[in-house]
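Form predicted alone, single chain, as structure tokens, below.
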Amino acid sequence: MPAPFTKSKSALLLSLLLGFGQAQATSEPGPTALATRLGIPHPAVIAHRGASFDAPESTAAAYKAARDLGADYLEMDLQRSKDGVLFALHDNNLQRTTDVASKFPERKDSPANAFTMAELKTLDAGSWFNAAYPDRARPAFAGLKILTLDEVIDIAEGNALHKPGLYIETKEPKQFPGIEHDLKEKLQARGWLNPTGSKLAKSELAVGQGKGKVVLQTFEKSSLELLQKEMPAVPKILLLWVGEGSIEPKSKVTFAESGEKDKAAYYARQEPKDKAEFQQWIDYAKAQGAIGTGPSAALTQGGDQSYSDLVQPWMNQYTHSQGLLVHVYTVDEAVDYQKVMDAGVDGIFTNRARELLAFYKRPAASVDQVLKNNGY
């Protein structure tokens, strides 16, 4: 009797363990349920620097267009001026998107945070777009200004029918010690950290009034930790890419050493060192209180927004298994919308909010009409 009894006992124990393992694997809520609980639309339309295909990025024209088209979030990169004002700008340098070379020729190479807000406000942040994209140029884009965070908030609050949320990146946060605290103070002062009722959170017209109205994002581990310390109840995303300061690449060959002329093609070929390397970043994000990740995508047509493919199905499945959402950057074409959705993402950063809304079969006005309605 001892042997059969032991075998039976072992089988029972194994069965219990397997059952426990399956329960563990399914204990995390699915991504749709998680997004709903957080008040984050699923799938989410995140207007990257506003409707930045159609109007100069990070300007009033781009943000008003994204808002009135119906984007869920106005996305921005946050910096701080020399005199302590928070403002929206992607580049560290002002030359690509302003006329700093003619206004401040001796300081044209200085970082944006070396200028006071009053100085930044003298710059033309719109004319470059007309020169770069003559087919989308509009006379009213000339003279558009760099916006403060306050001004972006004003825009987000400015349409009675649709109030988008804010999706804010701490840009190069080590250049701005304490920016996480400054951001909390500003959002608190403007009422964007106040708890809200579930009734509003369920309204499709009220993303910017619900509990998912602010999402914070960063590439920097240290900034994620500070954001969690300052605003523990606010949803946070850890941005991911393959390269220095983020996921370790399989190849040690640098762009300069590769002989590749196209930087985008070089980055698109990069991949994580191994599965464990990718997984440890997901595990870290979860441990630090993030509700999701923001991975890069490799685009069908390549280009300067195409990076390592970090939304492969197994990657998204692992992220979801840890109870985290996946918001991919930056995707503009229908073929790529389909590709990343098929892979299992939960939201998309896009420069073309109108096209993504159409892909999701969500009604939106024409870009031309929305811009005209706003005086552009």
Ligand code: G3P
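Residue numbers run from 1 along the displayed sequence. Quantities reported herein were computed from a predicted structural model and do not represent experimental measurements.
As for the form predicted together with the named molecule, it is not shown, yet the points below apply to it.
Only one of 220, 124, 169, 230 comes within 4.5 Å of the named molecule in the predicted complex through a heavy atom, and that residue is 169.
A single residue from the set 99, 77, 182, 271 has any heavy atom within 4.5 angstroms of the named molecule in the predicted complex; that residue is 77. Heavy atoms within 4.5 Å of the named molecule in the predicted complex belong, among the stretches 45-53, 65-73, 312-320, 334-342, to residues of 45-53.
Although the partner is absent here, residue 330 sits close enough that one of its heavy atoms falls within 4.5 Å of the named molecule in the predicted complex.
Taking the partner from the other structure, the named molecule in the predicted complex has no heavy atom within 4.5 Å of any heavy atom of residue 82. Residue contact check for residue 239: one or more of its heavy atoms lie within 4.5 Å of the named molecule in the predicted complex. The shortest heavy atom separation between residue 90 and the named molecule in the predicted complex is within 4.5 Å.
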